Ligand SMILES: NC(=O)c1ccc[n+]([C@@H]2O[C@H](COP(=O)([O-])OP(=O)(O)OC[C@H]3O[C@@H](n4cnc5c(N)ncnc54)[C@H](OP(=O)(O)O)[C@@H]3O)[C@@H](O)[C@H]2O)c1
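Given as structure tokens, the chain that follows is alone and in the form predicted alone.
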């Protein structure tokens, strides 16, 4: 089979198409012939060695859609240790979801990993209430644009999206966001309070640094910030990125809260994963949730796709057609 292989950490240039033996399915696993694989921000961090380093040589990719060999069913799979940038994967059965006929391959791979992250941040960690003001950073990204749609579907108002370019902010307006803001604004906390009519009830953040601090400043009393990660300073090119330290005094003085969400706690709970997938797929069927597909690249184009994602020039999900080399 063909796969995109990483033999050392570094920039996009370390990714190369190679011929590898097909994996063998262990107990509790099934072989899946991959049609499409997803590119996620975690892939960039693993490639550079910043996050959960893999044993080398390695194949990146934590989500894919394909056909299960044992029964011919079309499935979406989550691959916690990578392996998705390949034509065949040995997928854990407990991390595999069968797909309904109404859901296309590209929508399935666009929704499962990042849609579950958005849902978990809003509903599980954030305890979203109808009528609450919601803010989302990196709102044109893979998680962000789905969080905007989910917030609208569950009755949040107003829904405020942050995006770094005029074009991305226009897309968020088209998506239904009530307000769109530039995350680089010096008075971002004040703008969040103004846009929400006094303070945001729930803010979902994937950036950290100065933006997260501004989001905390923009919370209403009893508001919550939920973090799903942060950008590394080296990648963002600024010390305004990275994790943020919050003291209990900060929380008490303003009656606000902070929480985190990690997809692993969904993946390891089969009942929760299946239920969330069913909910996301049902919202998609009703037209309330659509994954933006930024581009679909061949195996040889994965390095360029990583570079585009790092440069923040993409919106939504990048897919890999693993059966197309060029």
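Positions refer to the first chain, counted from 1. These numbers come from a predicted model, not from an experiment.
What comes next is about the form predicted in complex with the named molecule, which is not displayed.
For the interface check, one of 190-198, 163-171, 242-250, 212-220 should have non-hydrogen atoms within 4.5 Å of the named molecule in the model of the complex; which one?
Correct option: 163-171.
Counting any non-hydrogen atom inside 4.5 Å, which residue from 225, 156, 108, 207 sits next to the named molecule in the model of the complex?
Only one option qualifies, and that one is 207.
Please determine whether residue 292 contacts the named molecule in the model of the complex, using a 4.5 Å cut-off between heavy atoms.
Output for residue 292 is no: heavy atoms all beyond 4.5 Å of the named molecule.
Given that the partner is absent here, does residue 117 sit within 4.5 Å of the named molecule in the model of the complex, heavy atoms only?
It does: once the named molecule is placed as it appears in the model of the complex, residue 117 has a heavy atom within 4.5 Å of it.
4.5 Å heavy atom contact, residue 134 and the named molecule in the model of the complex:
Residue-level check for residue 134: no, no contact with the named molecule.
Heavy atom of residue 261 within 4.5 Å of the named molecule in the model of the complex:
Residue 261 belongs to the contact set for the named molecule.
Need the contact residues for 308-326: heavy atom within 4.5 Å of the named molecule in the model of the complex, sequence order, or none if there are none.
Result: 309, 310, 312, 314, 316.
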